[in-house]
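What follows is a single chain, given as structure tokens, in the form predicted on its own.
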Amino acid sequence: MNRVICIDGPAASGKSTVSKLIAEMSGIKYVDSGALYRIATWQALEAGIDTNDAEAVAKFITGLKVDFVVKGNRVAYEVNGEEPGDKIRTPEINKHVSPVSAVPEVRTIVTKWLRDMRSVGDIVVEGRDIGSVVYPDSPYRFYLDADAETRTARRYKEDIQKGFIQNADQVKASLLNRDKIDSSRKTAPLKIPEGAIVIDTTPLTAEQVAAKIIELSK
């Protein structure tokens, strides 16, 4: 059976950067589970759906079509033939993605999509419930974390690079609010998977974290 390296953790803990490095260094495919929830959020907003109306979101997600395409060392997502890019990385999406992600029907559909991706070969998957719900059978499960100040600085830097104007206090408030929502939702809450290896990324470079995970996943 193809190997799955699971990378969980809160926002800006280093999941994306580390997972991409693992894919590059190991020659396996990178899978971003969060992007699927962001795509669902983006498309719901485009359709005028109230993201706090769980019933409306659940009905909408059943008709959402996302294509999965292997491009190099990653699994890309396309909507109407195009990758959404930074359209799903805006502060507006950040504000709405947690209530959409909390809808059970959304999680059920995305979980199925993610499990099907095992067919492309060995993969590294990052998210919030990968080791606890999506691939609890994987022997390679990791939980990345970092202190709030470090995570705020990382996200603030990312937002500035993308041209999103926010101050650091707004970024920190958004991160902590998402932590609260993701950790307290009834369906697949953010938590440390039982048996997962916890890595504090605060004092480490992404390269150091990736190398450590690769070594532990042999």
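Small disclaimer: the values here were computed from a predicted structure and weren't measured. Note that residue numbering begins at 1 and tracks the sequence as displayed.
There is also a form predicted together with ligand DC; it is not shown, and the following applies to it.
Residues placing heavy atoms within 4.5 Å of ligand DC in the model of the complex fall in a single listed stretch, namely 90 to 98, out of 90 to 98, 69 to 77, 116 to 124, 139 to 147.
Think of it this way: in the model of the complex, ligand DC has a heavy atom of just one of R154, K172, R178, K191 within 4.5 Å, and the residue is R178. Among heavy atoms of Y37, some come within 4.5 Å of ligand DC in the model of the complex.
Contact between T51 and ligand DC in the model of the complex is not found at the 4.5 Å heavy atom cutoff. Residue contact with ligand DC in the model of the complex: Q43 places no heavy atom within 4.5 Å of it. Contact annotation for D159: none of its heavy atoms lies within 4.5 Å of ligand DC in the model of the complex.
Within 4.5 angstroms of ligand DC in the model of the complex, the stretch 104 to 132 places a non-hydrogen atom from each of R107, E126, G127, R128, D129, I130, taken in sequence order.
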